[in-house]
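Shown below, as structure tokens, is a lone chain in the form predicted on its own; questions about how it binds or moves come after it.
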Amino acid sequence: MKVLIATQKPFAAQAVKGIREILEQAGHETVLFENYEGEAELKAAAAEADAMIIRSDKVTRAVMDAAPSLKLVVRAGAGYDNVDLEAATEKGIVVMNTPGQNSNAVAELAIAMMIYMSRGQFTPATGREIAGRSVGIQAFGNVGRLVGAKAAALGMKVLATDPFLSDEQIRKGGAEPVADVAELYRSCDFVSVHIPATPETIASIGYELISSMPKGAVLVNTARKEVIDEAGLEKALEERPDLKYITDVMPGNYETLRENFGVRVFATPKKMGAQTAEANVNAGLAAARQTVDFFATGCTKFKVNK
């Protein structure tokens, strides 16, 4: 089978080497396609692919239309909203992710962001320590649990909410459960967001939740841009000069936010949560192994479309 490794944001060289070794030892042909400009180039590259391994690359219906032999798309990472799942299902294409492989990298970034904002983005002004403060974890999955564990180790009180987990499961994960998202925001000095972008969650974090946070609170988003109601965020920051926002996903109104609120707001230039050598290798190798297993045995353990 021909496997296209399509990454506008390339894997680390070590990851590429490992991916190729895994695939080629199993008898598959690999095609490395990096730093491409846009969909037209991706469509051309995918024309003869039986499988694709991607990162944040967008696999649209048009890309799938251009790849008549495509049977599998593996997203090296947890989120998969960059793949048109409906189109994939219609065409009989299996879409998988690699859950957990980037979790530690994202969790470390979330903690670093809390410290960065508590220290005023490292300006000379007097900052605050995070020990003794509370952090709310919105979605207590792989990343959320790691954020909670690291925060607890630094002396923070950890609260969490997750609609898919019982209170007992949250307690076993090391956090104190709260009744709902509204209580989480009202109760915590920091809220760390780890929800996916779904029809239910898009723009779900807005003025009402953000403005309910305690004095001096910080909202930390290493999830998806779309889950924030950016107009509501701007309004909350305008009315509450004590609140802060830091994100790993650039807001559409970032220039306005920075102009109006200065060091109370920060966004990384590109999504950096999974940008560690370790996460890069882990996710890439997992994607390669899942590709091999799919063609060898039909394994669809990490399938995300219906």
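Remember, it's a predicted structure, so these values are computed and weren't measured experimentally. All residue numbers are counted from 1 along the displayed sequence.
Not on display, but discussed next: the form predicted together with a small molecule.
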{"item": "Close approach of residue 264 to the small molecule in the predicted complex, 4.5 Å, heavy atom", "value": "no"}
{"item": "Any non-hydrogen atom of residue 150 within 4.5 angstroms of the small molecule in the predicted complex", "value": "no"}
{"item": "Interface membership of residue 224, the small molecule in the predicted complex, 4.5 Å heavy atom rule", "value": "yes"}
{"item": "Any non-hydrogen atom of residue 20 within 4.5 angstroms of the small molecule in the predicted complex", "value": "no"}
{"item": "Listed range touching the small molecule, judged in the predicted complex by heavy atoms within 4.5 Å, from 76-84, 110-118, 170-178, 150-158", "value": "76-84"}
{"item": "Of 268, 253, 69, 56, the one that lies within 4.5 Å of the small molecule in the predicted complex (heavy atoms)", "value": "56"}
{"item": "Contact test, all of 9, 102 and 274, partner the small molecule in the predicted complex, heavy atom 4.5 Å", "value": "yes"}
